[in-house]
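Given as structure tokens, the chain that follows is alone and in the form predicted on its own.
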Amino acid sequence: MTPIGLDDIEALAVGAWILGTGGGGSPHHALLCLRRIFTKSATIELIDPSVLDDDDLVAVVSYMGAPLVIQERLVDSAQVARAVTLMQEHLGRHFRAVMALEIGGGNGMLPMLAAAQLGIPVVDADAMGRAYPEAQMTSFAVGDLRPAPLTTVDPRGIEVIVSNVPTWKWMERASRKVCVEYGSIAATCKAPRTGAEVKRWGIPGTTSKAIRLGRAVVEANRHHRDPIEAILTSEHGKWLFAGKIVEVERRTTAGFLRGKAVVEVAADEHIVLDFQNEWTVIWRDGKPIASTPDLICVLNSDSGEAIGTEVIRYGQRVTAIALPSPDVFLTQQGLENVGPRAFGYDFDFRSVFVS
């Protein structure tokens, strides 16, 4: 077990926001909660998935909904922990550890909040390697693991258990309806995973990766080096373009934040970025130049910090980069779950990392 300190949490907030690819919710409120928790001498430990016994039970947590709503309904560690204990009550079993559904954004920090409340360790893994908006967009779904049960908890004390669904897409449909009725935000504990399933289908090392990435940005800024170059070097990324935001269209509908941002990269040249919670496709002259599952990251050109789809605005100077996708999403089944056609686009994925 590796003890997690406040410096690690600060770095995690920066790195997870970058890996969020515009979504996952801002980590700011989760960071504030964790700072408060650490003043009470809380201990949080990170464990490698390999140390799990095959029959250990792991809780998979996330906030579900539209990132914009988190600006009004703040992150609550007790609410996250309750989603886990509700699942324990439903199963009649205790969890060995907790892990993130997605390492991206604030969701990458939720396991730390649950762990501090429940006194169990955090597994250094997730099921996306980034953030995605829908239930079937996970490595567990690619592996065709059981999608249920799922618990959802509302700040008003409403609790719903989805005990069984036939497919992952049905889990998305059912849980999204519940989430919308809550007000487009809910704390959730996803289908519990065994240690064997986490080791086979989880994406390992993503929490420590986010911490490492955040430290690279913090150190670059501290020593007046280029933070974006530090990100590209750390994660073998690719620079795409830089410019000024000149237009944003954004709406919350059906539990998602959807829209587009337009970037002026030259006096007569504009690039369009589509999003559904996260950045999905980049268009130049009506043609896609980058798309999911490559990680599209829009960063502050000066600080290197990520800019989420819920807070991007006119006048910001941004730089867009791409980071490589986890291999599990580059398979045929992976692309069916998270490729551009999974988001309704009529073109096939071509990675920016393939010349």
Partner chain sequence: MKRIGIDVGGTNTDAVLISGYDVLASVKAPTSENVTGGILAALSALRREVDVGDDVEAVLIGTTHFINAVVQRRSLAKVGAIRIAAPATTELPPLCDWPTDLGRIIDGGSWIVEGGFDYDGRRFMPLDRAAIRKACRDIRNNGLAHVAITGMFSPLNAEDEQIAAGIVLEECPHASITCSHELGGIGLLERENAAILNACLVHFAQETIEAFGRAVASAGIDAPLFITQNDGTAVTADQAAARPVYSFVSGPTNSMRGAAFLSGLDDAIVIDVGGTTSDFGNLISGFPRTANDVVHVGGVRTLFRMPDLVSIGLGGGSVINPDTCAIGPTSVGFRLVEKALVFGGNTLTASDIAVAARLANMGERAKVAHLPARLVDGVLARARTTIEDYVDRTTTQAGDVTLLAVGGGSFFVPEKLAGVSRVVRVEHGDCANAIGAAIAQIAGEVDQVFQGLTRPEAIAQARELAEQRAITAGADAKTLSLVEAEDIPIAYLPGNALRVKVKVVGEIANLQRGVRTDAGQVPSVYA
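Because the structure is predicted, anything quoted here is derived from the model rather than measured. By rigid core we mean the largest C-alpha set that fits within 1.5 Å across both forms. Residue numbers count along the first chain shown, from 1.
The next section is about a form of this same protein that is not shown, the form predicted together with the partner chain.
Scanning 138, 151, 277, 207 against the partner chain in the predicted bound form with a 4.5 Å heavy atom cut-off leaves one residue, 277. Taking a 4.5 Å heavy atom cutoff to the partner chain in the predicted bound form, the contact residue among 72, 285, 219, 89 is 72. For the partner chain in the predicted bound form, the listed stretch (187-195, 90-98, 234-242, 153-161) containing residues with heavy atoms inside 4.5 Å is 153-161.
Although the partner chain is omitted here, in the predicted bound form none of 213, 291 and 348 has a heavy atom within 4.5 Å of it. The closest non-hydrogen atom of residue 59 lies beyond 4.5 Å of the partner chain in the predicted bound form. Residue contact check for residue 199: none of its heavy atoms lie within 4.5 Å of the partner chain in the predicted bound form. Taking the partner from the other structure, the partner chain in the predicted bound form has a heavy atom within 4.5 Å of a heavy atom of residue 66. For the chain shown alone, residue 266 is not a contact residue for the partner chain in the predicted bound form, no non-hydrogen atom being within 4.5 angstroms. Taking the partner chain as it sits in the predicted bound form, the stretch 19-45 comes within 4.5 angstroms of it through a non-hydrogen atom at 28, 29, 32, 33, 36, 37. Core-superposed comparison between this form and the one not shown: the Cα of residue 82 travels less than 2 Å. For residue 244, a C-alpha deviation of 2 angstroms or more is recorded between this form and the one not shown after rigid-core alignment.
In this overlay on the rigid core, residue 36 has a C-alpha that sits less than 2 Å away from its partner position between this form and the one not shown.
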